[in-house]
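Listed next as structure tokens is one chain, alone, in the form predicted on its own.
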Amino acid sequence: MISVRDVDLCVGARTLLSGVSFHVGPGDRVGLVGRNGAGKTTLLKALAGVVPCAAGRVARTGSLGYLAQDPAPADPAVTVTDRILSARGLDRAVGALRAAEAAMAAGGDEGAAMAAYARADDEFQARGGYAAEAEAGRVAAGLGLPERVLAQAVGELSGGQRRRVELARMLFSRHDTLLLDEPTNHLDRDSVEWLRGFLGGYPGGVVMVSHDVGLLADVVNRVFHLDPGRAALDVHNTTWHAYLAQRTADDRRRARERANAERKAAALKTQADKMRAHVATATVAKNMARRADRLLAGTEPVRRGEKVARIRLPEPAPCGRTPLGAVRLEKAYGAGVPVLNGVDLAVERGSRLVVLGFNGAGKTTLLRVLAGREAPDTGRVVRGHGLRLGYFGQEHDTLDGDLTVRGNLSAAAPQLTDGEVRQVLGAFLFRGDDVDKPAKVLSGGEKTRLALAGLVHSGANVLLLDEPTNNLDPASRDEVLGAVATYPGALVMVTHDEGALDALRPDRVLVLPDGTEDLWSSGYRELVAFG
């Protein structure tokens, strides 16, 4: 349970929230919504105790679990199963049980070994025993982690799989309250459907930030809207669809009341202006003008449309017919687990390629190898005449977390003056003090916008885009999709977003892990949602 009382929340000199109070109890499933950069992730961090409040108090009772957009990395040597089981301390109990079994099998002091086994078994059963192990397996399977990866080390997994492991660990934990920041990132359609069912029946409290409208519609029974213009949190104790209907009705009412007030105020001021010229009526005119001002002050302002980043992609520099290629790329992680297995690729000028495959098939690894962020074990990347490469990574690994927003863009486009840097950042909704924030404190949506801003003046003629619509609010997502649709250079994209596929209009497809390249056809479309 979480109780928030008169909380102020600030980032630098900017006040995100002022005097906010609310309570989250068992059965509350809260959708925390608002545009990118409004402060949703910061509020979630404050609820989790990760960042301090400027004023007020957050009281937490019971256990609490927090899934960040970018979870802290787990020990790469730990197995997936042990990582999930660790949420309830079962990993230690299983380890002690296995050690006791080994001691019994080795002989020696039989009495001591039996006593150790009994203690370990008691601890194992107290934490849920084999039923809990089976439950962990069901959660992992529901989130698209196949049985074959459960014995693998976390360090051998793709970024998307590691994120699923952390989500599985959180859901398995049975915390009294869950704080989830974009839980559907890296999930395919089946996994999202499973998550909806799980959260819809969760007995504890849930507060989640999500831009997945389907998830919000199916799960939430309360909506908290963060309005940065007023530094306020509007609490709606209703479902998502009812919230949208109420918001639309409120907007219409505000507009109607404001229009009536403006019409009456204008008439009063016109009459007051006529009466001011005469000494006998000057006082009456003054009172009429005051009444007009009170009329306007007494109505709620019409909600302004939220600002949207004007996202564009670079104008591509001239290049040869095949600016980028790959010959027999192979890559393995950990104990020789193959990720890329003999991938051949030719990216022609202006072509549009979508890379498909299940999570862990090597999609992100391929883009990182093509971008020069990782070296292949064998094979080579072929850089053609005039190649200028732009890379957007789903983990935002093109950003330096210790540099400011302005510093990151200056590093990506050193030819820009400080004034030009500020102009580009303003178009991507970074204004005022925002440009001096370190990149590591940005929300996922803000990091996406900053990474895309770094591409604008790159002159890239081949773009490698890895899940470019993750973390974006609907308006910003539409901007990205519009930019993708009109980009004249070559595009290689990894995505689970069917809207991104429609904007890309691929002419070819590469299916991993087999490395099969083919002309695009509608038969491949299902692999986008289920990959």
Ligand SMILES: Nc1ncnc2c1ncn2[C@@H]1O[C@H](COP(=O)(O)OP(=O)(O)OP(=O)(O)O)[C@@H](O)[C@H]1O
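The structure presented is a predicted model; accordingly, all values stated were derived computationally and were not measured. One rule holds for the numbers: they count along the sequence shown, beginning at 1.
Just so you know, the form predicted in complex with the named molecule exists too; it's not on screen, but the next bit is about it.
Residue-level contacts in the predicted bound form: of Arg368, Arg88, Lys437, His457, one residue has a heavy atom within 4.5 Å of the named molecule, and it is Lys437.
Think of it this way: in the predicted bound form, the named molecule has a heavy atom of just one of Val441, Met104, Val327, Leu403 within 4.5 Å, and the residue is Val441. With a 4.5 Å cutoff on heavy atoms, Arg14 counts as touching the named molecule in the predicted bound form. The closest heavy atom approach of Ala38 to the named molecule in the predicted bound form falls within 4.5 Å. For Thr42, a non-hydrogen atom is located within 4.5 Å of the named molecule in the predicted bound form, even though that partner is not displayed. The named molecule in the predicted bound form comes within 4.5 Å of a heavy atom belonging to Asn471.
Shown alone, this chain has one stretch from 445-453, 148-156, 417-425, 124-132 that lies within 4.5 Å of the named molecule in the predicted bound form by heavy atoms: 445-453.
Heavy atoms of every residue among Gln69, Glu182 and His211 are located within 4.5 Å of the named molecule in the predicted bound form.
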